[in-house]
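One chain follows as structure tokens, the form predicted alone.
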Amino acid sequence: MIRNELRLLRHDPVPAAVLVGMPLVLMTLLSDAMKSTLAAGGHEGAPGSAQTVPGMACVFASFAIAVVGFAIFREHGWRTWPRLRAAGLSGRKLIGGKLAVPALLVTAQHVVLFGFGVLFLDLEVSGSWLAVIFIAALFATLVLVAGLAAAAALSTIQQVNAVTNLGAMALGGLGGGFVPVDSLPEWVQPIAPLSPVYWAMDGYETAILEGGGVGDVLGPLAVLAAFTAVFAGIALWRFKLDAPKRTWG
């Protein structure tokens, strides 16, 4: 199943372009502008990539929700889901196979974006890289579980795409993925913690700009874990392996 998913990705690289190509362009264009924004927020001398790299990673990783949903809905559209079930695969292996390639995509995205930031955009982590890795790994897990929850709760791939596109932009902007939260309108700032991106960016700021280690980001990690648990609960509640799905409305 994983080999087949990789083959499909090779023939249709659009998900990789969205998760990796688009944020690379935005990081390159926006990093210089973000330098002054960070300086105004008290981080004098910090490169703009300290905002754009983790911010774009969070925002565009969220599009993997639709990648997970499409991997599941596609099998229903092709009428191959019953064959997978008849092949004797357990529910755990079936779901694991559908999550494996999106997980590889999000992992590769983070490696490419952070690597590009270090090599070309002067990104420096003043604290612990291990803390950065923990935040990235937990946020990636959250996105994958959210994708499974979306596939479980929604009826068509159009609904998954609509929720993903709106959610990635709205929650990404609300949580400080595009600009720091303290640069957002005053009426928005109190509700920013409702976005998982806010907590990921809070952890990234601590590790990248404030010299924090793993112990200093335990708070954001705990909140991200709580969000993940909520999405996991929705997935467990709503996902039925034998329930029919409509690929299109």
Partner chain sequence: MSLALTGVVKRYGERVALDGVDFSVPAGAVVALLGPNGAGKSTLVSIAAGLLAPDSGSVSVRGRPGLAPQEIGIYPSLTVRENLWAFAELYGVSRRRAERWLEPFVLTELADRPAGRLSGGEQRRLHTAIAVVHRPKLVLLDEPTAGADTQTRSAILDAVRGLAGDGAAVVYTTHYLPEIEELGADVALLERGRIIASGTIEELVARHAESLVEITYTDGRTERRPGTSLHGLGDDVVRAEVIRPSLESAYLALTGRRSAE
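Numbering follows the first chain given and starts at 1. On a predicted model such as this, the values are computed, not experimentally measured, just so you know.
Note that the form predicted in complex with its partner chain isn't included here; everything after this is about it.
Contact with its partner chain in the predicted bound form, judged by any heavy atom within 4.5 Å, is made by just one of L166, V111, A87, L119: A87.
For its partner chain in the predicted bound form, the listed stretch (174-182, 150-158, 135-143, 73-81) containing residues with heavy atoms inside 4.5 Å is 73-81. For R10, a non-hydrogen atom is located within 4.5 Å of its partner chain in the predicted bound form, even though that partner is not displayed.
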